[in-house]
Structures are given as C-alpha cells and as structure tokens.
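Take a look at this one chain, the form predicted on its own, written out in structure tokens.
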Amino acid sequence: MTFRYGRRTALSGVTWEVPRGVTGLLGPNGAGKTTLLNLLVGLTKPSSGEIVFSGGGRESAVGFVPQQYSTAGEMRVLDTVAYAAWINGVARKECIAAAERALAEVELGNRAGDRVRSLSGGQRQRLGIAAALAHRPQLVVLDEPTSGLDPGQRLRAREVISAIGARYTVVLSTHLIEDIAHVCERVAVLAQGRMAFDGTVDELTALVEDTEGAGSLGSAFERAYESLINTLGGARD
C-alpha cells in the first residue's frame, strides 16, 4: 500500500498482515503512523494498494479509539456505548445488549447506570474501548490509549487491552514502549514511510546483544528499537 499527499509520499510499499491478538505499532514522529491509522479506520483511502479484511467486508469492520476520546458528561455510561453500537450498524433493539456486553468486556458493567462525568480518566478510556467493541468489529485500533493516565490507570488499561486481544484483532499505536512490551505479542515499526520491522517482541529485542548497553537505563527492547531507528536514519521523537 502507498499513500501520497500531493507529491509527497507518506507511505511507500507497506505490506502488513495483522493477526488475532494485540499488535503494537511504533515509529518516530514523521514515520507515517498517523497516515497508516487513518487508512486502517477508513478516514482516507490508499493512493495504491488495498486493505483486506479476513472474511471480506469493510463497512463497520473497525472499532477506533482516538487519542482524544470525547464523551458527553451528562449521558449515562450504558447509553454512550449503546449509541456507539447504533451508529456502527447494530439494530436498535439489540443496542442495549451490545452495550452491556462491551462494558463487561472492559469491566465497567457496574458503572452502566452512572453518568460519564463521574468516571475517572482511566475509566473513560475503558469506556472508549467499550464503544469501539460494541459492534463486534473485525479490527480494533487504539491510538495512544494510555497517554495521560497515572501508573495505576495505565496498568488497568493494559490489563483490559491484553484481555480483549484474546477475542479481537487489535492494533495498539503508542509512543510508550513499555505498553508494547507488556501487552503485545507482535510489533511493527514504521520508519520513513516504510515498514522497517514486523515480528515478535522477542525478535525485536534479539536485534541487540544482551551485553550491549550494560548499565543503561533502557531495557533491551528499548535499545533494540532505538538501534533500529538509528540504523534507518528515521526522524526522532
């Protein structure tokens, strides 16, 4: 797949197969991550190439939680998710049941009757994930889902993301490498509009020797990612 903004190529020849489970997406600023996410969720179309979903179909195939997830504070939690189900094609009579199921998947079922404004920041992020799950999408795209959360909220969000990875195909785009290390089975790295790496977390970590960087504050995974970006001459965050 290729995508161009006028004469500028943002993505060039990207081929990527995303399996069931949680796949992380990393890349420095300017690497093309935002462009790729926009293509995955249908906000833009490729200049060439295509996106193919297993089993066919494209309409409502994606559940998306943007980095800035907006909610109406006066709405009830259940109604918020039921509305998301409805706008994504769930029959009106099935929306409440779909919302209850999605809230249970993110462990917010006990807050169904509460107003959204009463939720903590971490709970609102989980509400966003529930809204993305309500129509049972083929792909769930999470853009920086733990950004701005405190350590406890971040841990809870990771637990939820890891759990839904057992039932859904999830793409987790983040700048927080520890998110990838904790919840992802696989990781893809974009650099300069190309897919620089696509493999398991262990395979990326293996790109550096265990003895390299001894005494460094960074983990082996972080050093491997940094080494890969430096080798490719990618833009830095």
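The first residue of the shown sequence is 1; numbering continues from there. This structure is a prediction, so every number in the text was calculated from the model and none was measured.
One more form of this protein should be noted, the form predicted together with a small molecule, which is absent from this view; the next part is about it.
*Asks:* What I'd like checked is whether Y5, G30 and T35 together line the small molecule in the predicted bound form, meaning each has a non-hydrogen atom within 4.5 Å of it.
*Replies:* All of them do, each having a heavy atom within 4.5 Å of the partner.
*Asks:* Just checking whether H175 would be counted as a contact of the small molecule in the predicted bound form - the rule being heavy atoms within 4.5 angstroms.
*Replies:* Contact check for H175: yes, within 4.5 Å of the small molecule in the predicted bound form.
*Asks:* I229: heavy atom within 4.5 Å of the small molecule in the predicted bound form?
*Replies:* I229: no contact with the small molecule in the predicted bound form.
*Asks:* Evaluate A224 for contact with the small molecule in the predicted bound form, applying a 4.5 angstroms cut-off between non-hydrogen atoms, and reply yes or no.
*Replies:* Heavy-atom contact with the small molecule at 4.5 Å: absent for A224.
*Asks:* Does any part of A10 reach within 4.5 Å of the small molecule in the predicted bound form? Heavy atoms only, please.
*Replies:* Yes - in the predicted bound form, heavy atoms of A10 and the small molecule come within 4.5 Å of each other.
*Asks:* Any idea which of 22-30, 164-172, 194-202, 43-51 reaches within 4.5 Å of the small molecule in the predicted bound form, heavy atoms considered?
*Replies:* Going by heavy atoms within 4.5 Å, the stretch is 22-30.
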